[in-house]
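Here's a solo chain for you in structure tokens, the form predicted alone.
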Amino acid sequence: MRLDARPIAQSAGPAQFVQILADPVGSPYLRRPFSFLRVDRDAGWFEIYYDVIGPGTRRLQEARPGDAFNALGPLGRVFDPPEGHLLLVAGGVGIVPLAFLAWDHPERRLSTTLLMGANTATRLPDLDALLPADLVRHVSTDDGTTGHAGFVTDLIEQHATPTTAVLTCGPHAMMARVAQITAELSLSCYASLENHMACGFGACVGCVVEYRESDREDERYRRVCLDGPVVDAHGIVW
């Protein structure tokens, strides 16, 4: 879905998100967080990509040109890609912030590799529509219906070098495994977390994660919406 919202589009970065109220005239449901897929800062629009799961996303699916939504953003911290080879590990709609990173940093594409995983071929998004054409990609499906037969995390060691930095977004279990593998390989790893968020700006404290180390006990749990969604994958408790 493409939305015209110049103030949001002009300052949005990879892994940041927007909170959208699905019903334009007032909804009994909370806002929903959506990562930015692609942004045109000059034209003033941004795109989101989502699964239709419940009444909120169904309302988005039913929208027509000219409909208006209440949107709050951009929120959260951005991916700040390190120098050197980047390995992007995505699962499901976790492809979205990683795709935005590829669009937003064209100078990095030749040194970037994407690993895309899904349960089965029918659950793979249209990568040609979502990604720049010059981004190298490898696909994995759990049931082997296309690409590598197995988990996408099986491919990490094959495509990593000693200086690779790994960026990941997807299901919790997948990202936990990515964090484990990269720790064993002594690679840096940054994850864009997909916690449920009611407010998006730190008021509800409903999206906290536990950090392995903190200077103070009251900082051991931190809000993903403010301290993330991008975190050091080796610094949190999975």
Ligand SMILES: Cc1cc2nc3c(=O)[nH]c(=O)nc-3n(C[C@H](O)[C@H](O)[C@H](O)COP(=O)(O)OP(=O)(O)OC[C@H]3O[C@@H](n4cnc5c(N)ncnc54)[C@H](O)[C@@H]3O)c2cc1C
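Start at 1 with the first residue shown and count on from there. Keep in mind that this is a model prediction, so the values were computed, not measured.
Not on display, but discussed next: the form predicted in complex with this ligand.
K.L.:
Out of Asp40, Asp67, Glu210, Asp51, which one falls within 4.5 Å of this ligand in the predicted bound form, going by heavy atoms?
P.N.:
That would be Asp51.
K.L.:
Consider the chain as shown here, without its partner, and state which of Ala102, Leu88, Ala118, Val96 has a heavy atom within 4.5 Å of this ligand in the predicted bound form.
P.N.:
Looking at Ala102, Leu88, Ala118, Val96 one by one, just Val96 meets the 4.5 Å heavy-atom criterion.
K.L.:
Would Met174 show up as a contact with this ligand in the predicted bound form if we use heavy atoms at 4.5 Å?
P.N.:
Contact with this ligand, no.
K.L.:
Can you work out whether Pro55 and this ligand are in contact in the predicted bound form, taking contact to mean some heavy atom pair no more than 4.5 Å apart?
P.N.:
Taking the distances in the predicted bound form, the answer for Pro55 is yes, it comes within 4.5 Å of this ligand.
K.L.:
Since only the chain is shown here, I'm wondering whether Phe34 would be in contact with this ligand in the predicted bound form (any heavy atom pair within 4.5 Å).
P.N.:
Contact with this ligand, yes.
K.L.:
Consider Gln180 of the chain shown here, and say whether it contacts this ligand in the predicted bound form, taking contact as heavy atoms within 4.5 Å.
P.N.:
No, Gln180 sits far enough from this ligand in the predicted bound form that none of its heavy atoms falls within 4.5 Å.
K.L.:
Using a 4.5 Å cut-off on any heavy atom, which residues of 185-209 would contact this ligand in the predicted bound form?
P.N.:
If the 4.5 Å heavy-atom criterion is applied to this ligand in the predicted bound form, 185-209 yields Leu193, Glu194, Asn195, His196, Met197.
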